[in-house]
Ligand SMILES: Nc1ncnc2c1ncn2[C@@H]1O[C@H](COP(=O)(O)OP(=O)(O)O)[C@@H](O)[C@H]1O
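Single chain ahead, written as structure tokens, the form predicted alone.
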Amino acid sequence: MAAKIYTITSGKGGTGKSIFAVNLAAALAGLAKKTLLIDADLCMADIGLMLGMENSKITLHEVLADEANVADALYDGPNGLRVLPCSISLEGFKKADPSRIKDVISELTPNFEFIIIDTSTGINSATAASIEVCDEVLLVLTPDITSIADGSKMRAFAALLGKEVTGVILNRTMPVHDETYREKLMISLDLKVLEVLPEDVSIPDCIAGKSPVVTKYPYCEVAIAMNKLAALFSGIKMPEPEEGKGQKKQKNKKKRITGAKLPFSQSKK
């Protein structure tokens, strides 16, 4: 068994990249897939905080500093997920050697079906190592000009490392960012938009409660979309969720707003 490795990245902060990585990994684990989530954001690690592992004594930092074995830095997460967190300490960041990331992941690959790597935002050596070792790169963007522009730079960076961005997750969207907007974005970026996730008030609650949205609020729109994406990656056909049971009937109640402009589009003269 060799794991399929997805590296999750973005060009700027605030896109919800780490939240996406946590929920994708938890959704895959919920499909009975042996899944590992790695926090490779060596300087601004958040996954430990999101999953209640902030006090872990042995983390990826210690492994990269050659002070611990990677097996001792793995922890149990939701849905049977395994997690390799980073320390929230800057001392851990100072002593970690990013060049060892490839060796660590190579050691872990035979033991899992999926490995999800959350990187830091922007261009740095740890992100480069995480991209070089992966099978697919996923960009998490928000529908604003800076996120899309910086995402384009990350795509170019991945290309320099010999990797192509597989697709885009358009996160924190509003009703105006509908299917028409999605099609325009696909054309402008020449990338496939794999999923569109709405701004959701349940996300801050899940972060505070240190639980993924896919386990705490499984019938919310974001959780359903995350599970569909995990099923797609796993080659599993998911049944459509039943209306009711905590899922609001919104399909015919939402007024669709079409013709939204991309934030970087220019009017034709």
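The first residue of the sequence shown is number 1, and the count goes up from there. None of the values given here were measured: they were computed from a predicted structure.
Quick note: we don't show the form predicted together with the named molecule, though the next part is all about it.
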{"query": "One residue of I203, A231, I58, A225 in contact with the named molecule, assessed in the predicted complex (non-hydrogen atom, 4.5 angstroms)", "finding": "I203"}
{"query": "Residue among S147, N171, S87, S130 with a heavy atom within 4.5 Å of the named molecule in the predicted complex", "finding": "N171"}
{"query": "Partner contact for D46 in the predicted complex: the named molecule, 4.5 angstroms, heavy atom", "finding": "yes"}
{"query": "is_contact(D103, the named molecule) in the predicted complex, heavy atom dist at most 4.5 Å", "finding": "no"}
{"query": "P198: touches the named molecule in the predicted complex, heavy atom cutoff 4.5 angstroms", "finding": "yes"}
{"query": "Distance check, V70 to the named molecule in the predicted complex, heavy atom within 4.5 Å", "finding": "no"}
{"query": "Region of this chain that lies against the named molecule in the predicted complex, out of 156 to 164, 171 to 179, 185 to 193, 88 to 96 [heavy atom, 4.5 Å]", "finding": "171 to 179"}
{"query": "Heavy atom of each of G16, M50 and I207 within 4.5 Å of the named molecule in the predicted complex", "finding": "yes"}
